[in-house]
Ligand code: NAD
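Next up is one chain by itself, shown in structure tokens, the form predicted on its own.
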């Protein structure tokens, strides 16, 4: 079947069963395919062309030619502004159908899927506003010299996108890369590869130059590894697990290819006894159970001042027991992405019990429905020596630990190898400011989990990675600084 275009998208999304890769402005099939499963039913509903090493080489060659020719940089930057705004408009036009497809392959709620496309459009609008403002500096060196800096596009950016927010995270890196004038090759996730192809359709319809974007779906250990190690790739952007990130860094090392790495977290919310409890429970609903906990910056640990510890356990447990699992229109808890993911979560829950954690509620698969659902789960009395305190679960599981002093709270919060986000809930301003300094994380939320937006830089420290996405800061990850020093006498 021919890949759909925006005009035909509303007709074909519901019936299209096979999808192609997008390489340098053209849709390309392969001899082999990967199956795509609906997490809400466990049934295969589509296939996608499985890219080959030859496809990788072709995509890189086309991207290299595009970057070297200055296809996106030879005209005034205002040209890129208009281009990105057209892409944003096209994304909004296909949001309704794209969201339905994202629900089908990812198990999201329809509202969350629509938000993901809306966020993707916002990334293009936001970075469109910056594409004509990438300005160098004049550096004074005295009367004998003129010195200035120029920002130049990195060149070919290889971007490896995770399965949990494929459209959102693809746009998060793609938009600033294009705004800076780069050519981009996206490695899409094998298990959620379909909705992301609609970004290619939006770009193609906006007259993005051929070669400026390719989207390949293939086995990560083959296609992803070949892309990372390719000598003509100038940059690697990766969001995913620590083990995969380490492999990517090793693959990029031979060519000294610079990387932006976002590697997940084990983020803690520190809750003091003066916190607004309703405000906190609202944050738990989003921070723990949104997208079935499959969020790198999820509130996966709660550290609670001891005098409210048992009360808060009851409140969090009541919330967990009230969450209704489903997928589609009205959703509070969606399925996890696969049976393998569900089994991994359940094994971590079993290990937590064996190590002495108190299972307050949940901890089991939901047996009354098809698909990959798991009960909202709460553990209490979790200590730093337990696996579930240290390791990312990536599921609807929360662990709760008491603390007796402010100093101990920050020590516990920082007692993992991760440092993506952290949070503090208190009405004491002085304590808030102490917390923001003491918590070792790339971003700190105060009295609301997931505070911030596309305008705010996002990234981690420690094993959570390095580099920043989002905000103005991200744009400068996609350019190199060149200094020009001229002796004039």
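Computed from a predicted structure; not experimentally measured. Residue numbers count along the first chain shown, from 1.
Note that the form predicted together with the ligand isn't included here; everything after this is about it.
Although the partner is absent from this view, residue 369 stays clear of the ligand in the predicted bound form, with no non-hydrogen atom inside 4.5 angstroms. With a 4.5 Å cutoff on heavy atoms, residue 400 does not count as touching the ligand in the predicted bound form; it lies far away. At a distance threshold of 4.5 angstroms between non-hydrogen atoms, residue 158 is out of contact with the ligand in the predicted bound form.
The ligand is not drawn, but in the predicted bound form it has a heavy atom within 4.5 Å of residue 392. In terms of contact with the ligand in the predicted bound form, the residue from 336, 296, 288, 91 that brings a heavy atom within 4.5 Å is 296. Think of it this way: in the predicted bound form, the ligand has a heavy atom of just one of 132, 315, 125, 190 within 4.5 Å, and the residue is 190. Just one listed stretch, out of 280 to 288, 158 to 166, 204 to 212, 402 to 410, contacts the ligand in the predicted bound form at the 4.5 Å heavy atom level, and that stretch is 158 to 166. Residues 241, 244, 247, 248, 262, 263, 264, 265 of 241 to 275 are found to place at least one heavy atom within 4.5 Å of the ligand in the predicted bound form.
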